[in-house]
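To begin, one chain is listed below as structure tokens, in the form predicted alone.
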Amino acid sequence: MPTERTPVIIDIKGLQVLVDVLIEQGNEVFGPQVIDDVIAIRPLTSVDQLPAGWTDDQGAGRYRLHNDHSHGRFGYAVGPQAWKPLLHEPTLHTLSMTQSHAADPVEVHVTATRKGRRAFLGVRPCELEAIVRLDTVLLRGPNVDRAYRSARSDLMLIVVNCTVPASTCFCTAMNTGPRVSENVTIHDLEITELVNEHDGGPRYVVTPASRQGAEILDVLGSRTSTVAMTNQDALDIEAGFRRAESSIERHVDTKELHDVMIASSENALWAELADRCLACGNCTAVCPTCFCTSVNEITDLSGTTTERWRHWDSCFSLEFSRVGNAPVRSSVASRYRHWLTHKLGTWHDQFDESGCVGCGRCITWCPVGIDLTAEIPALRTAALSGGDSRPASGDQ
């Protein structure tokens, strides 16, 4: 960490210089863009690619973009694509095995996983917290994921604080936003966008969060004009964060939530949720922390070569829990129960933290609009009152 965390302010031209400097230093830069009517993450070379003026209208089972013609580039919350696919690939070739003749030894070729230098520009605080959780699972466990380790090496993380949360966000309940937590130290630069339409353009408060970030900021200062942050700027930033926090209406009471989820294992509410749930897996696909995978092996027609592929899987998939000749969780109720109980409860047992960062994607992208923030209070009430203990399904 740098000894000084003195922020500077740049304009939109300075933001372009930042992108240029990152590219000149050998980074492939990724950032948010409007693709197919959603905010998606794509390679970025120009600030003109950023979603200027775009904001999102989100609700349970609803997502719409509209342009208010403002000058801001980060006036949205989050889109359906987290940064996870760039770190934990949806489909990954892991190895191939070849045996030309029955008497020949089997040749195993492990697929290289080396990634080049990359920079992620526009990571939201909740998404940064999600990367922290993926690091815990895939880097610090007993079995390190070598592909993820490669994707995380030589990576710059540039966070843009959130000042326009969506209606589905509940990051304040999970202590993951709308600003970067002081406890998170994996990023390199922290940016807050200040938009005043009367000034003719946005300004960006840039703060170094690592030694590498401080070095980038030094280069930036030699290439473009920077100004020191004033007391008024600091007041404006704090006011923006207060507005963002006060606009977040959804909430999850996390007090003793682990125990609540465990105590709710046989609540009849799971069956009621299953009547609505399509088991489509949308929630796990858009979730920035879900990490489960399955492996397929595909053999060619000659029988001499086998390719092994790893792909994302979901605990909503019937086959995901297959043990022997049958799935352990054969009902939708049992699969939904497993997902939510792990996310909010037993994740603590495994990793000493919650698996949820409050981004709200699972609410927005559920096709039937199931809202976990609305379901948890019912589970809590039943757990605390010793309520309905009827099994939610035939699965235990």
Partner chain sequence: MTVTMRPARAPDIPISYGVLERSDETHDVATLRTYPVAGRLPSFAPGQFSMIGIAGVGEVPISISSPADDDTAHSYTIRAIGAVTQRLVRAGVGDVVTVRGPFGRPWDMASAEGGDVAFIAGGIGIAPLRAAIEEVVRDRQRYGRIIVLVGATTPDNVVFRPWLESLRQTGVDVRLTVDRPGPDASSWFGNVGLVTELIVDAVGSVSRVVQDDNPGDEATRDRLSAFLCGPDAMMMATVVELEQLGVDPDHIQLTLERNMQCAIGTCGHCQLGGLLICRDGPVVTATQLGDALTTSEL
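Residue numbers count along the first chain shown, from 1. In this text, all values refer to a predicted model and were calculated from it rather than measured experimentally.
What comes next is about the form predicted in complex with the partner chain, which is not displayed.
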_Answer range among 323-331, 66-74, 24-32, 48-56 for contact with the partner chain, defined in the model of the complex as heavy atoms within 4.5 Å_ = 323-331
_So, Arg308 and the partner chain: in the model of the complex, are they within 4.5 Å at any heavy atom pair?_
yes
*Would you please decide whether Gly116 lies within 4.5 angstroms of the partner chain in the model of the complex, comparing each non-hydrogen atom pair?*
no
_Whether Thr230 contacts the partner chain in the model of the complex should be assessed with a 4.5 Å heavy atom distance threshold; does it?_
no
*With the partner left out of view, is Glu182 within 4.5 angstroms of the partner chain in the model of the complex by any non-hydrogen atom?*
no
_Within 4.5 Å of the partner chain in the model of the complex, all of Leu194, Val206 and Arg243 (non-hydrogen atom)_ = no
*Contacting member of Arg223, His251, Arg211, His109, with respect to the partner chain in the model of the complex [4.5 Å, heavy atom]*: His109
*So which of Thr172, Ser167, Asn161, Thr293 gets a non-hydrogen atom within 4.5 Å of the partner chain in the model of the complex?*
Thr293
*Residues of stretch 64-97 in contact with the partner chain in the model of the complex (4.5 Å, non-hydrogen atom)*: Leu95, Met97
